[in-house]
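A single chain, nothing else alongside it, follows as C-alpha cells in the form predicted on its own.
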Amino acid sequence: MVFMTLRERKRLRTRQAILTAATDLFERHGYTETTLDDIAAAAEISKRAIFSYFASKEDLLFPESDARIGAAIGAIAARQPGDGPVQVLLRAMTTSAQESDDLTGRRAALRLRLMRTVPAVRGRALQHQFDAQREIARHLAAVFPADLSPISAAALTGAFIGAVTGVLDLFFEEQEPPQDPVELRATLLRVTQMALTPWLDTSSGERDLSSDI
C-alpha cells in the first residue's frame, strides 16, 4: 500500500472534485457552454486553482493520459522472460483498465462524443495520441532491438493505439458504458489482440491474455 500524506490526500480529493464537476457539467450543459468559472464553482474552488491540476479545459477530459503512458513504459521495463512487444502492450492496457475506469467508463463515453463534435477536444486527443505513440515506441525499440526497428516500433504502437481508440469509439457510438465493466475490458482486450495478430510472434511467447482479466 502506498502511503499518502495529508497534503497529498487533499490534492487528490480536490483533483477528483474538479473532474467530477467538469464531467457533470459537460454532460448536462455541453462542453462549449460550460466555463472554467462554472467548474470552479461546482468544485468549490477558485478558477485559478484549476490550473494547479490541469493545464487547460481540454485536459479535464484526459486526466489519465500520462498515467497510461507510464503504465505502458512500466510494463515494457518489467517485461517477463519470453514476453514480446504485443504482450507487454496488452498487459499495460489491461492494468490501466483495471485500475481506473477512465478508459472504459462514463468519462470515456463523454470524451469520445466530444471528440466527434468539438475541434479543440479532437485536437487535444490527437496530441495526446501522438505523444503517447512517440514515447512508447521509443521504449519498445530500445528494449526489443532484435524484434523492432524504430520505424516498426512506431508502426506497432500506432496500430495498438488506433485499435483501442477505434474499438471504444464504435462501442460508445450507440450505447452508454455497460453495467459490467469486466465485460467491456474483455471485449476491448480480445478485439485489440485480434487487430494486432500480424505482430504476434508465437516463438517469443505471445499468448491470449483473456485469462489475465
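This is a predicted model, so every value here is computed, not measured. All residue numbers refer to positions in the sequence shown, first residue = 1.
In what follows, reference is made to the form predicted in complex with the DNA, a form of this protein that is not presented.
**Student:** Name the single residue among 182, 67, 155, 45 that comes within 4.5 Å of the DNA in the predicted complex, judging by heavy atoms.
**Tutor:** The residue from 182, 67, 155, 45 that makes the contact is 45.
**Student:** Work out which of the listed stretches, 161-169, 47-55, 147-155, 184-192, brings a heavy atom within 4.5 angstroms of the DNA in the predicted complex.
**Tutor:** Every other range fails; the passing one is 47-55.
**Student:** Does any heavy atom of residue 36 come within 4.5 Å of a heavy atom of the DNA in the predicted complex?
**Tutor:** Residue-level check for residue 36: yes, a contact with the DNA.
**Student:** Is residue 14 a contact residue for the DNA in the predicted complex, using a 4.5 Å heavy atom cut-off?
**Tutor:** Yes.
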